[in-house]
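For reference, the chain that follows is the form predicted on its own, supplied as C-alpha cells.
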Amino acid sequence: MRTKIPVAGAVLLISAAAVAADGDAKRGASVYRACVACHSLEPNVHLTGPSLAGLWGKKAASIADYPRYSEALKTQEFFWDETTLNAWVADPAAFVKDNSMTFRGIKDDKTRADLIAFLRLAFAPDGAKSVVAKGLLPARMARGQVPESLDRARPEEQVVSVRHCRNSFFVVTANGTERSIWEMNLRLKVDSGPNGPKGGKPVLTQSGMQGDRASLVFSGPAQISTFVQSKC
C-alpha cells in the first residue's frame, strides 16, 4: 500500500471515508478562501506555502522547486488523498509532529468534508482553471495573494539611495524626495522572483495604518549591503 500514515495522526483517519463522501465542493470553496494568503492553485506559484497545483496523489513534500518544507514533513512517505488530507486539515500538528504549518486545523467534520471535496477538484491537473470555470472560485483567489509586481514602480517608489544614521533610515526616491523612517518601522525585504524589482532598483512600499511604516524591497540579498550606506 503506497500511503504510509504517521502514527501520531492515525486516530484522525477513522472517519475519513465518511467525511469525504459527504463533502460539498461549493461550500468547500468558501472554506478554501482562508487558504489563499499562503497558497496558490497555479503551478510554480509558491507563496508562504507551496503551490497546490496537481497535488492530489502526490507524495508529501515532493515539489522540487519549493525549498521551505519542514524536516518533519520531508521524512514522511504518505501521499495526498481524502484520507491524509482529512487528518492533515483536522490537526496538522497532530498528523505530522513538528511540521511548520501554522494552521490550527478544522475540527468540524462537515466543514472539513466540504473543503476536501473542493480540494479534490482544485488539486487535479489544471485544477485552478477548473474551479474558476465552474464558478467555485474567482481567478484572483485561485492564484492566491501573489505580491504586487514591483518592476514598474512609480518615481515616488523607486529608491535611488538609502543611508542609515543613528536609529533612522533616510530613503531618497527617484522624484527627489527624502523620507526619514525610524529603523524599527522600515522592513528590508527581498523579492528575487518575477514580481520583484528589476535592474538593481529597490522599491519602497508603504504600510501601517498611520502611514509611518514601509518596506524596502530589493531584488537580492547581496544588494542590501552594497546599497544601504552608514552615513550621518
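One-based numbering along the sequence shown. Note that the structure is a prediction, hence the values are computed from the model and not measured.
The following text describes the form predicted together with heme C (HEC), which does not appear among the structures shown.
- A residue is said to contact a partner when one of its heavy atoms sits within 4.5 Å of a partner heavy atom; Thr83 fails this definition for heme C (HEC) in the model of the complex, lying far away.
- In the model of the complex, heme C (HEC) sits within 4.5 Å of a heavy atom belonging to Thr48.
- The closest heavy atom approach of Thr75 to heme C (HEC) in the model of the complex falls outside 4.5 Å.
- Although the partner is absent from this view, Tyr69 contacts heme C (HEC) in the model of the complex, with a non-hydrogen atom inside 4.5 angstroms.
- Screening Ile181, Cys38, Val172, Leu188 for any heavy atom within 4.5 Å of heme C (HEC) in the model of the complex leaves a single hit, Cys38.
- Leu115 is the sole member of Leu115, Leu137, Ala122, Ala87 with a non-hydrogen atom within 4.5 Å of heme C (HEC) in the model of the complex.
- Only one segment in the set 190-198, 160-168, 173-181, 60-68 has any non-hydrogen atom within 4.5 angstroms of heme C (HEC) in the model of the complex, and it is 60-68.
- The candidate spot formed by Leu52, Leu55 and Thr102 lies fully in contact with heme C (HEC) in the model of the complex, as each residue has a heavy atom within 4.5 Å of it.
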